[in-house]
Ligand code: SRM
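Single chain ahead, by itself, as structure tokens, in the form predicted alone.
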């Protein structure tokens, strides 16, 4: 039997539902129940402020509803004019904080229902949209962020845009509802990919350019690894079946790393991607959404049968995977040049929250000043950081001066290794799924971990630490060297043993710990690591596996 969401999608008239009527209802800040599902396909979630939920209930007031809007930005790129528009829109319609996500785009929180249309119309004026940024479709396509990664970076980045366009839903609902365009005849909306049922669940694609795995390529439904020979992009190793989400107490759910299927020439890559999506459309679980991601489809079919089904649909065989090597997935902070001689400065933005801090690190002011000059573009990373990008040699000193005047260079250079390697999901106060804190709590926990690392003289070897407020895995905690997964308010499971390259899942080490218990556990582990590691080259994640701690 199909899940209720499947019925909503099929009966939505191309994702339109009753959204127009919901928007006109001035008696509530919310939208209708079915429309809360459909609005995700338009790049939005309805949320409420959980910090005031109980107090409002006591006063018999409706929850304080608002909306989060996420942009579709394949490869995470904004021009200077688009950044300026983002800054202005955030200030006029949202909380003002620009939130960089773990999928290389940005989202704005706290948007009231009456502000949704003005927000999306303002984005449209600078050629930005939120189509398919959420929902049961292909979402934002991520790419190794830094142009210095390879001379073929621009070619790979462009391919991300092609993938994004090819896998967009064909319905014109977004344009009708939010941009007030006239409705097009229904027959023009035939969608050979999504049909009228879309996918069983969300779908994610990433492209990594070795030796960088900043996109955590194996955590995606489809992962592409760029293969470069003699300085030219020849194709991609293609993997399928990655996904982080799981559910506490449900043994049928689990995180999974994607399986490498083989190599495909670059001219055939889009066809292979497309048909993997159609397999998930046709074979994915539409009864139980907890078991509906591609990883479960592959495990149910078996990898051999899945690959045979793919090759029958693409009418060619995949070649054996080509050699590649990942060496890191952390961002390269500071100034770096690319093959074309352009310069790029990577800023450390803790948990992706772009704002002007009270202690004088003025991200928003600095970025706006740079954007107004038109002397740089902006790129987001999958580690929730920001690259001031594509700077001419003649403009580098000016950009550096602006960053220093607003204390951003100092902030980036002074941040510890463990802090730079950390990442958290939004969690409270807006995520309805959160069991525990995420981005509001992790910075203070990192401060306490910094003390422990210094105590054992290993502060320069800070591990990759990630935290989520629930087991859904938005900050990819199951592939961290140290993962904290919320179980209840103030309590977390401790996961250990991921590697620095993003090629190994971690394992559950301790369950349901509070902060005191976490610090005691980490103190003992850091002490053991400091004494027994094979040298600075052995990472914390590798050590805990070698020492059979997990």
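Residue numbers count along the first chain shown, from 1. Everything quoted here is computed from the prediction, not taken from an experiment.
Keep in mind that the form predicted in complex with the ligand is missing from the display, and what follows is about it.
The candidate stretches are 123-131, 391-399, 297-305, 236-244, and the one lying within 4.5 Å of the ligand in the predicted complex by heavy atoms is 236-244. Among residues of the shown chain, residue 430 is one whose heavy atoms approach the ligand to within 4.5 Å in the predicted complex. Put simply, residue 472 is close to the ligand in the predicted complex: some heavy atom of it is within 4.5 Å. Proximity of residue 39 to the ligand in the predicted complex: non-hydrogen atoms within 4.5 Å are absent; the residue sits far from the partner. Remark: residue 213 does not count among the residues lining the ligand in the predicted complex, judged by a heavy atom distance of 4.5 Å or less. Screening 138, 144, 105, 422 for any heavy atom within 4.5 Å of the ligand in the predicted complex leaves a single hit, 105. The contact residue chosen from 80, 171, 101, 280 relative to the ligand in the predicted complex is 101, the criterion being a non-hydrogen atom within 4.5 angstroms.
Residue 47 is the only member of 46-66 with a non-hydrogen atom no more than 4.5 angstroms from the ligand in the predicted complex.
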